[in-house]
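Quick setup: the structure tokens below cover two forms of a single protein chain, split into structure 1 and structure 2.
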Structure 1
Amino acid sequence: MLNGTEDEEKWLAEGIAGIQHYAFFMHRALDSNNLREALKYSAQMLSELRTSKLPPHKYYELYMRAFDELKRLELFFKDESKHGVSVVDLYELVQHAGNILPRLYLLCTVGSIYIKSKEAPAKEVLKDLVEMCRGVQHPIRGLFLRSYLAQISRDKLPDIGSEYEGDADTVIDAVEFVLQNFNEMNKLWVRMQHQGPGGVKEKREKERSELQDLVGKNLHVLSQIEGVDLEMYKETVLPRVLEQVVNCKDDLAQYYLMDCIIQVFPDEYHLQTLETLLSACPQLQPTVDVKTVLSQLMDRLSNYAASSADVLPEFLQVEAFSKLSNAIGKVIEAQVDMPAVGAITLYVSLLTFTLRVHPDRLDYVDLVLGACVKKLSNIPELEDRRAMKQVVALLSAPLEKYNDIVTALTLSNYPRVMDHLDIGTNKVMAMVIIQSIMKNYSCISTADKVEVLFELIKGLIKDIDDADVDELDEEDFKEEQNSVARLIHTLYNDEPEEMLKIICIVRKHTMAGGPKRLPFTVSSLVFSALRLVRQLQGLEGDIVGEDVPVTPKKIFQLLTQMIDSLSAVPSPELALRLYLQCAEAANGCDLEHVAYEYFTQAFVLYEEEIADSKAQVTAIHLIIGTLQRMNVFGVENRDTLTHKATGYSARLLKKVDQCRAVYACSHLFWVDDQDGIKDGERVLLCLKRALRIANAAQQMANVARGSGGPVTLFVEILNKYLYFFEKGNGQITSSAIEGLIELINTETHCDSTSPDSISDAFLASTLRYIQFQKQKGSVAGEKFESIKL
């Protein structure tokens, strides 16, 4: 191969040298106004172009050299005063050149002047030239020759408004000329595929593609002719061009030229000739990538539609949508072996087109999706990743266009397309949908839409296949499930009946999610339900639903079931928190029995499932905090629960934690609002118990470390004493407080205690607090006065 290139380089160099050599003599002849010599040397120079050894890109270089020289020659020819021969005679004279190729180059050059001189109608000269060029049938040589003809004739076409227009010469003649040149050039170009030595097919195709623009230029010229209006394009230009395209039966040419037509002519022409253009497609060679051609066309038309609202009626008038979708249908049907990705890409282009041009026609959108479903159904299993990507693009397009999943949910074929996705892609699409909902604050507010939605995103909601259950990265899984949880929060309807239906549907779907997913989804759903309970609290009377009565009680039943399901995970800590939330909500609804049940459940979890000591501390505080707020319990129930709470508090692992939990329990016996319990005695009992524990902790520290433990617990308890003292608990006396302060001072200054700036500061600020209270004046001040510091 290298040898070949080296040879080609050599030949090119020789050719260029040859041209330069003869050009030198030609210039001399021009300078001395010697026509005869000029013709002789120019012919010899042009003979260098007779070579068949060069590939197209090298022949081009040779050609350009010759071209430059011909420009000089033309100038000379033009000036009759220099050589004395009339252009008519000149035209005849050059035809005496020995070889046909130089002869024709010279003829074209003179022809250019001839037309300029207007001594003959442009049309006749052009006709003559375009036909004479038939004498060169070698593809490369012929293409460049005709390209030269096209170049020099470019500005001399009898277009309307041009100086070459006349009675005899009209635009149609210009068009005829260009069309004929185009036809001949295309024939030559196609012939290249079959001529020459066996050779490598790719090489030949590469060489052909290097020449494609020479052929395409003619179409460009046609598009630039002023006189070619829609009418002429429709009646003459397009049919003739398409005729050539179809009849040449060459896939390279067909693909290039179809694309060229689409790019070069205006979009409004395409709209008006849509049928003609599309009908050519099935007639093309089966190997032509017609889907790309169609996609290009649709993309152009989409952009055209987007450019201005004024053009949209035109689309309707020509029934663009049905023509395009029919054409696509035919192509897909005809090309049985078309890979899935090709067909789907076509549908994506059609959908983009539809969304741009007919956004309000949801039926069209649905049709496109439906056609895609049909295609997908014929494929046993879609495994091609690129095809999957295209399906995602297909499904994302309506979401982006309408900014609203709700619209997409009304498309009957939307879920059907999603059904054909593999699980991985379904999940990707599900995330796209959820993100769209988040971004647009879409409100999905009816049960049936929620049902459709959850069907769509089922890949996220449950395990569809056992196959890729374990493969998912943990971070990704979390992100997915958090998205679902977020989604649940957005589902809302302010009609309690409908809201309950929504909750039930979500519950139905999420329950199938299994232990991995429940911790994420149950919380969201529980709070949705609690919100509904609260809403019902505010309403008068019961709302009778169709099948499910919408009462707090009913919702609590659902809540219990939801939270119970967490035992499968297991998630006792989360379940405990959610039970307590429900207890408080039941309290607000005056449902004593329900609230009691929830506390029972919470205690069971605490006893049996929560073993970690830190978790226990938090859990018991949550229980105490919730219990403290309950006002629905009768004495017996309340006593049972507070007894349990204090019992567990005292049995926490670490003494420090025991102490704190127990004094927290003191608040269980004192609630500040008017009918709240205010049992001063039991408060004091708790505080004393806490004190005992603190003492024990202190002693243990002494024994264990030989030094005292944190005095801070005592200061905390002191603060609690002060709290209840201030609230008016008669059982708390000022002497008790004084005693406690003394105890703290003793412990602090005890030799074995290491200095603790934190408890010192705490004590100091506590004493400051007492001082401040003393100075308050009135009843409060008096009370505190009794404390002697």
Structure 2
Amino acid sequence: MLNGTEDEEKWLAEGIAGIQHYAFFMHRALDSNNLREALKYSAQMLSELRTSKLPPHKYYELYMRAFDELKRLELFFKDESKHGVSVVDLYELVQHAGNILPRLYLLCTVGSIYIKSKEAPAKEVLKDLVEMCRGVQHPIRGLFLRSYLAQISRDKLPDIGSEYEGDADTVIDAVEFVLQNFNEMNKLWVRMQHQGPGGVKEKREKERSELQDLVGKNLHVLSQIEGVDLEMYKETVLPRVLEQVVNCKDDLAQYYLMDCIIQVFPDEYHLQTLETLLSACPQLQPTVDVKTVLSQLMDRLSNYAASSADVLPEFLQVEAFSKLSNAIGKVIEAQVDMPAVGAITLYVSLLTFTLRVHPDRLDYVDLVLGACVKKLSNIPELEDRRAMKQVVALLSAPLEKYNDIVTALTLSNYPRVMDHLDIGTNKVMAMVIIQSIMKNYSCISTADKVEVLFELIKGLIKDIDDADVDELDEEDFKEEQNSVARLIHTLYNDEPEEMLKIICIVRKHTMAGGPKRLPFTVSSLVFSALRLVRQLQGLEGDIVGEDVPVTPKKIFQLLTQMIDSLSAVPSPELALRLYLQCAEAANGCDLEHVAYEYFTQAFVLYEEEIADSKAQVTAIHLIIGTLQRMNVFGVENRDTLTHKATGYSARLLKKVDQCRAVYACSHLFWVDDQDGIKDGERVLLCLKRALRIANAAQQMANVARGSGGPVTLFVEILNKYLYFFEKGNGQITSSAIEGLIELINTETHCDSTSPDSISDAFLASTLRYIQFQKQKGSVAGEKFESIKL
């Protein structure tokens, strides 16, 4: 038992064999100019097309074999000298063929020659042919027959400029012929859906899809008729075609034909007949994919608008946006079962159309977003990922068009659309917004816009609906928070009062972000506030009431509250760094008590919160470095802080760390650019103390490991001696330097000292520096001359 495919192949082979068999005898008759025999065998050959066993793609193969033979037969019919019968008589003669299908194929072939002979008006022959083709009502056979009629007649239509043009109304006749053929073909095509058993619906739809181009070609022919101007298209062609589309009530046909109309007719025709075309959409079957049809229409119109600025007034004249918006509303209302993704896709297409055609009309953009909000409000929870993706596309479109988030912030419905996103997608969209700001260097410079912006990106700066921040991927979380931090740096306004408002709004939002986010956002916020402080540098004033102009004091109070919030994390190392930054800013504003308070807070953190030895080393060096740059302190406050710093330096865990911190403290007593802070004696005390600690470290290493450590610390201290010697510290003498060099040499050659190439290189480099200074001459050279190497 052969399966279906093998059966079809067998039937096709039999059909082709039959055509070849009768074609052979037909060729022999043509060669001998025997018209009677030629008609007989051609009719028998065409009878092979009467089969009902083949699917469309197989039937097409059979049809093409017959079509090739008909072309040869047509050449014979054209040459009256060969058969001696006039075309009028031939037209009558072929109608005597026994079976209707061969008869009509022969009639169409001779009809083509009849029109070409101009012995009868083209419109009369075409009308006759299209009417007689109704005799074949089998869908596949009828479609191919009418396709043959359309093929042989397309260059013989009585069109304007055609050699077959007759009186003034001939274009109408050409249009009527094509429309009638189209209507009949569509009816045959739709009828296929209702033939055969119900269980093979998918197979029938597949077969129909294979035949759709036969029907669509009629619309293409209509679009090519020169005489079909806008007026005729508007009054005759489009209404008649839409009538057939709507009345056929077949979803496959309606979708395909609407797509054909949009694709084959000119854009300017669509624009001028927009209302008529759109009015058909709500009348289509509920299962028709109207969203794709409308999307394609809007895409074509958008491209048309982009092609030339001259056509834009036409869009305003016909109120294209209003008509499209109303049509989409009606379609969504009519198709109650339309999934969310379909409705949102329509709004995305409408928004794309609006942004391309009316980029200056932000009210139109906001209307589209508002319509989408209305649709989303009727959905309890948007769970469809495809729909969510379309919402992101909807929100991204204005950003991509305007390259400016500031424009999007003026759209009242923009944040309302974002509220309908789930947590994950909300974050994705927030990242898109931030990336847009960074890419386009957008400046958000007013407090109101910053408020709207931070409402939009709230998914990144605080937990929504009690979402667990611990469930987030660590890398993703860091990337998100770093993006927020970068965003904060971009917010700026030249007006101090407005800038302070911006800082307060950002603080309000970021402080609600929870302890895990604060280390990322507080730092950016603090530096943003410090930028404002430096802008106001030198201003003073007590804070009385809310309307007092912005002062550094007011900002420093805000800064203290921000940094204090890090205690909830806790993040003492970061807080200490920020306190020191604030102290330096207070120094620039000449606010001694404020700077002192920040140093106090830094020391409290160092004492109570920072326990790790490495963190302590980093912290004490930061404190020493910052304190060294301060010039705002009086003698008492500076002494207090300096004493604290040196005390903590000497109490570090490792001797090596103690030594380096203590000699670093020497810089606290000698600052070049400040008068009065040049205490050479205390500098020397620090260096001697560092030297004692280095010596102790060497001895401890010797006891613990049986050999001393490298002499690097001694060389580092030597460099400090040389620095202060060069700066003119009278307490640092050449003899002290010589003694230290001798000590280093002794330690280096000691058996218990571990050899170290780095230390040796460091020492050699230092000694070369001394030699270099000696050779320079001048005052510096004379000074170094006293050092004997």
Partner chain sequence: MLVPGKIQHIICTGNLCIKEVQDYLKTLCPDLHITRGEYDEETRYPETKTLTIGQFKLGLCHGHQVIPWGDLDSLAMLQRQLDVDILVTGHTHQFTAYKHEGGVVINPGSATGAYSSITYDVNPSFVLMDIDGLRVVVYVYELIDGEVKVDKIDFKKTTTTTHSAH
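Take the two forms, find the largest set of C-alpha atoms that superpose within 1.5 Å, and that set is the rigid core. Sequence positions of structure 1, starting at 1, serve as the residue numbers. Fair warning: this is a prediction, and the values are worked out from it, not measured in the lab.
- prompt: Which depiction, structure 1 or structure 2, is to be taken as the form predicted together with the partner chain?
  reply: Only structure 1 matches the form predicted together with the partner chain.
query: When you overlay the rigid core, is the Cα of Glu738 off by 2 Å or more between the two structures?
result: It does shift by 2 Å or more.
query: Does Met64 count as moved between the two structures, where moved means a C-alpha shift of 2 angstroms or more after fitting the rigid core?
result: No, its C-alpha moves less than 2 Å.
task: Please check if Asn729 moves between the two structures, taking a CA shift of 2 Å or more relative to the superposed core as movement.
output: Yes; that C-alpha moves by at least 2 Å between the two structures.
message: When the rigid core is overlaid, by how much has the CA of Gln773 moved between the two structures, in Å to one decimal?
response: In the core superposition between the two structures, the C-alpha of Gln773 moves 4.3 Å.
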